[in-house]
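One chain comes next, on its own, written out as structure tokens in the form predicted on its own.
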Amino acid sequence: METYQILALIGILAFMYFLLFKNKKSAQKEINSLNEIEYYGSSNVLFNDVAGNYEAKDSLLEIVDFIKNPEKYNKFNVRMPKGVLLYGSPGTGKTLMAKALAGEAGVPFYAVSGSDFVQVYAGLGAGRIRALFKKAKKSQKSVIFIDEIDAIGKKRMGGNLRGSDEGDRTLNALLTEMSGFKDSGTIVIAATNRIDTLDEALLRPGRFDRQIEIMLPDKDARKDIINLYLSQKKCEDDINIEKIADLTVYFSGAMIENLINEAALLAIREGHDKINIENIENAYLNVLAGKEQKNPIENKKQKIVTSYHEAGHAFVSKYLMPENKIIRVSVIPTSKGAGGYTLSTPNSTEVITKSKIKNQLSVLIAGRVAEEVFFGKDNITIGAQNDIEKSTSLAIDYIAKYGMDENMGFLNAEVLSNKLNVSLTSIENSVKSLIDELYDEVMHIIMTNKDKIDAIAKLLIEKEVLYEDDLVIK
């Protein structure tokens, strides 16, 4: 072998060794960095700091008693649940509940996210799982909290949701660690918005023994949450909590906290010493619709089209769902890019039925239909873009999730596609058929009441903002 060939070979081997050493150091650095992403210490949040979800709190208080008084349960040979899965919509307070559990129990709180274990190096995710559990076990009693566990806990190959070997290794490491738990006083709390995507092995007894839904607050819970957050701010004494609770139907706890914070910012901006009800109402409009532009560019043609579009929404809403209160109809452009909006408060005490979903779809469709009726099919605008997105999503749920379509019948399309690994193109046809049917019905309503919608639109052009009482058109 020539000298230059030997040198070249040595150079290649040296380079390969350098890369291998560098990757090893990087992998070790990633494992060691677990200390950096992890919060360690006793949580200072208590259940008194969490409003609403009373049943969930009762269930978690039992876990607290398990941790504090294990001898009481040992007498009956009862083991502590190894894991608790908190699931529900975003912002409902799952993380806050986990912190409160650790705070009430007075034990160390280890908080990580599922994405912290999604790594590019083979075996690194599994290594970090083992490192986390090893550290928690040293504390004897502790709470491990894994947020967004679906990042590592999705169904494996058989469930048709994941095909990553590295992801499988990480999940297997978590399953093994949870199975190896003894009654040491350490409990794993996990949170997810997508419990339907989790692997069945995670949900079996001995892993996440207890599954607790953290729900959107009802009216009484919303009042408690509003009172809690207002008590942390300076506010007027005469704020109508009942009114705010009615406005915030389907708000999560996080959304209510954000609403009160936005109201406080408005109060500061306007030079008030305390938050008043007007600040909260204005913050509510800003959160849902966006901040209205003070000096929008005058576009008379756009304003006219938007007025008829919103008049269509408002009238069909009153026509089909008179139990809902129209809060505000506006044709003032907002910071969210909307040319106008119609806000209504649904009745949260009523059961969601097939007819109510169809009515909701009809209201979403009504803006575009009004444009077509008053300006012609060739002159419809892009103003219905958001309505189309919402109506398509709701129509798919109506057919594929709720089993309300005659063609699909009592079937869940998502389960079918996952189990059989097939694409259900019939859903597209059913969605289109439903929307077309409702479009024709809304067209009939608007054509029959054209004069009333015309009157609402002209009033909107004049006033720009209308309320419930303005929509009583004879």
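All residue numbers refer to positions in the sequence shown, first residue = 1. Not measured: the values here are computed from a predicted model.
Same protein, other form: the form predicted in complex with a small molecule, not shown, and the subject of what follows.
- Proximity of residue 329 to the small molecule in the model of the complex falls outside the 4.5 Å heavy atom cutoff.
- Not displayed here, the small molecule is kept clear of residue 284 by more than 4.5 Å at the level of heavy atoms in the model of the complex.
- The closest heavy atom approach of residue 341 to the small molecule in the model of the complex falls outside 4.5 Å.
- By the criterion of a heavy atom within 4.5 Å, residue 346 is excluded from the residues contacting the small molecule in the model of the complex.
- Note on contacts: among 279, 92, 391, 170, the single residue with a heavy atom within 4.5 Å of the small molecule in the model of the complex is 92.
- The single contact residue among 440, 49, 62, 428, judged by any heavy atom lying within 4.5 Å of the small molecule in the model of the complex, is 49.
- The candidate site formed by 53, 225 and 228 is fully in contact with the small molecule in the model of the complex, as each residue has a non-hydrogen atom within 4.5 angstroms of it.
- Stretch-level contact check against the small molecule in the model of the complex with heavy atoms at 4.5 Å: of 375 to 383, 317 to 325, 84 to 92, 200 to 208, the positive one is 84 to 92.
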